[in-house]
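Here's a solo chain for you in structure tokens, the form predicted on its own.
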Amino acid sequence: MKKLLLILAMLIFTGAICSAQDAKEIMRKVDDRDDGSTEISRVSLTSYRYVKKNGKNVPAEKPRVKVMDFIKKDYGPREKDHKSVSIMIEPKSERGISFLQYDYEEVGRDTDQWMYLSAMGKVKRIVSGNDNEPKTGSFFGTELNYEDMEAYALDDYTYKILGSETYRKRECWVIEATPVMRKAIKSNYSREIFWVDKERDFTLKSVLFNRNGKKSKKIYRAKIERIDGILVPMKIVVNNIETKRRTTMIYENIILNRPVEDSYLTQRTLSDKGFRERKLKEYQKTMM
């Protein structure tokens, strides 16, 4: 009897290990999916407070619409390091406000972020209050915070397959990601659940839970198109359950794998208006 129980325990333990490995392998495929070596795009950001009406979320105020240009380039042998700059184009009163970000594949190395506020004429580094606190603040006044903008780091989480579901007529894995300690102490979230398209290795939906374990945000990726053979979600909806606010990101245009100069992905672009605008016009022409 003891031997039988031991065998059963070993099978359960082995099964749990295999499940975790399988879950991480699924997420690795998502992480390794080709998203282009460079990106030049124009994105509209529409944000508003919502209320429930007839079972649907509807705007409770006039939506605020902003437009930004986004430029990104991948680095490193596996192209897992990224540099990107986001530049506000509209409204006119906010033109020139910019956000620079460097993501690193190196385990434990934090993302570097800087914000340039044109009204103040200063570059501000985005940091947390201390080493054991998450970053606070909103990205361009949307429902995305600074942590949401960081590239996803596979080894910052442990994974578990919760099941399989059909979502928007696509067969999906439902996978739970829980941050490891080094990530958890700096994160706004205690866990995240992904709906991963089994056929395309693409995340269609995710639900984020706050540090108290309550649902915080739902993120939806829709209007998936192939551009130069690469899957791109042309519409991303961020529903902030806690604030009852929603931001919808729409790609008005996007170009992949076109040349991007390293010098443009530096702090000079934030503070040197002439340099920023001159080079930006060149990148904008590639989208025409």
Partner chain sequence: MMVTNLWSIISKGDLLVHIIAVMVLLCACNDASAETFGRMEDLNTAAAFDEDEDEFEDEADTAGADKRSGLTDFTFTLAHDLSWATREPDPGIVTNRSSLRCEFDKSFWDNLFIKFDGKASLYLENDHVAEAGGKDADVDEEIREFYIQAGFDRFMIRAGKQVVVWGETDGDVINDVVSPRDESEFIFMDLEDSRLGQYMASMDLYSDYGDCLFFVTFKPGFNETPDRGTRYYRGLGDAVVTEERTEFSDREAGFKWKKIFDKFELSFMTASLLQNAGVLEHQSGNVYNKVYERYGFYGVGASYTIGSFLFKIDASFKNDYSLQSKGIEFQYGKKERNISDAAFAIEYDANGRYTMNLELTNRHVFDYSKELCGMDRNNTGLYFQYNKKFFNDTLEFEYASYHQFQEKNTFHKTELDYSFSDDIELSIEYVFFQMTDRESFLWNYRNEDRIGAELKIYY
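Residue numbers count along the first chain shown, from 1. What you see is a predicted model, and the numbers here were worked out from it, not measured in a lab. Whichever C-alpha set is largest while still superposing within 1.5 Å between the two forms counts as the rigid core.
One more form of this protein exists, namely the form predicted together with its partner chain; it is left out here, but the text below deals with it.
Quiz item: Any of the heavy atoms of K124 lying within 4.5 Å of its partner chain in the predicted bound form?
Solution: Answer yes; at least one heavy atom of K124 falls within 4.5 Å of its partner chain in the predicted bound form.
Exercise. Verify the contact flag for F70: yes if a non-hydrogen atom of it lies within 4.5 Å of a non-hydrogen atom of its partner chain in the predicted bound form, no if not.
Key: Judged by the heavy-atom cut-off of 4.5 Å, F70 is well away from its partner chain in the predicted bound form.
Quiz item: Taking heavy atoms and a 4.5 Å cut-off, does D112 contact its partner chain in the predicted bound form?
Solution: Judged by the heavy-atom cut-off of 4.5 Å, D112 is in contact with its partner chain in the predicted bound form.
Quiz item: Any chance Y104 has a heavy atom within 4.5 Å of its partner chain in the predicted bound form?
Solution: Y104: contacts its partner chain in the predicted bound form.
Quiz item: Can you pick the one in K235, R258, R33, R226 that has a heavy atom within 4.5 Å of its partner chain in the predicted bound form?
Solution: Only one option qualifies, and that one is K235.
Quiz prompt | Contact at S138, R245 and E252 by its partner chain in the predicted bound form, all three, heavy atom at most 4.5 Å | solution = All three within 4.5 Å in the predicted bound form.
Self-check item: Those residues of 148-169 which, in the predicted bound form, come within 4.5 Å of its partner chain by heavy atom
Solution: Sequence-ordered list: K160, I161, L162, G163, S164, E165, Y167, R168.
Quiz item: Does E79 count as moved between this form and the one not shown, where moved means a C-alpha shift of 2 angstroms or more after fitting the rigid core?
Solution: Moves: no, less than 2 Å.
Quiz item: Does V196 show a Cα shift reaching 2 Å between this form and the one not shown after rigid-core superposition?
Solution: Not so; V196 is displaced by less than 2 Å.
Exercise. Examine F140 after superposing the rigid core and state whether its CA is displaced by 2 Å or more between this form and the one not shown.
Key: It does not reach a 2 Å shift.
Exercise. Could you tell me whether Q113 and I193 have their C-alpha atoms closer or farther apart in the predicted bound form than in the shown form, knowing the shift is 3 angstroms or more?
Key: It is farther: the C-alpha separation of Q113 and I193 rises by at least 3 Å in the predicted bound form.
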